[in-house]
Ligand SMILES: CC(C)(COP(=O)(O)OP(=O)(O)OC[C@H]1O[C@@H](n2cnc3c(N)ncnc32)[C@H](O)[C@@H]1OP(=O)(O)O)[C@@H](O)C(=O)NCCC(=O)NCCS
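Coming up is one lone chain in structure tokens, specifically the form predicted alone.
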Amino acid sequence: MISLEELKRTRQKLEGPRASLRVLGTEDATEDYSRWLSDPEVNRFLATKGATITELKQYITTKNQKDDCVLLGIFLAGTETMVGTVKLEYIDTVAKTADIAIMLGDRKYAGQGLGGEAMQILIDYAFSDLGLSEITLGVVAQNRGAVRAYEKLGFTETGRKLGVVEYGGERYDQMTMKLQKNS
């Protein structure tokens, strides 16, 4: 078992067969990371529509300073090639809950299961090492690929708000989903 504090301090990797996760440092605020957030295909359903390297460094620093958050890079196993990010936020050790979010930034790895593997690694860590019992997420309902991927991981829909998300002049539904330990 590794505590959240130890994971952040040591930046130990959480390993999977094809993906590994590591707490991000400011040195991970690269041109590639910045470019992903400016890519209309990547950020279509993200709130963030771009960030400079300076802004990314501040974002990473802010997340790392929070006691209820862990921001990890998704790396190809056995390498330092970052392909995205995944985070747990609003970690509540009393209620045993947290929110999860993912961004697979390098589009050449989309559709290959790396995002699902990265999420499963973090979910396993959250349930086993952090002792959480429920993980929630929000997703644009029209992002069918993401919804299917979350359903494969065991997430189920818990709510939907119609037309509350606006991107590019279009309105979308906001869906909430949850995954309970042992579900």
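Numbers follow the displayed sequence, beginning with 1. All values derive from a computational prediction rather than experimental measurement.
A second form of this protein, the form predicted in complex with this ligand, is not displayed here; the remarks below concern that form.
**Student:** Which of 53-61, 27-35, 127-135, 147-155 has heavy atoms within 4.5 Å of this ligand in the predicted complex?
**Tutor:** In short, 147-155.
**Student:** Answer for residue 114 alone: is it within 4.5 Å of this ligand in the predicted complex, judged on heavy atom distances?
**Tutor:** Yes.
**Student:** Should residue 110 be classed as touching this ligand in the predicted complex when contacts are defined as heavy atoms within 4.5 Å?
**Tutor:** Yes, residue 110 lies within 4.5 Å of this ligand in the predicted complex.
**Student:** Is residue 122 a contact residue for this ligand in the predicted complex, using a 4.5 Å heavy atom cut-off?
**Tutor:** Heavy-atom contact with this ligand at 4.5 Å: absent for residue 122.
**Student:** Decide whether residue 103 counts as a contact residue for this ligand in the predicted complex under a heavy atom distance cut-off of 4.5 Å.
**Tutor:** Close contact exists here: in the predicted complex, residue 103 approaches this ligand to within 4.5 Å, heavy atoms only.
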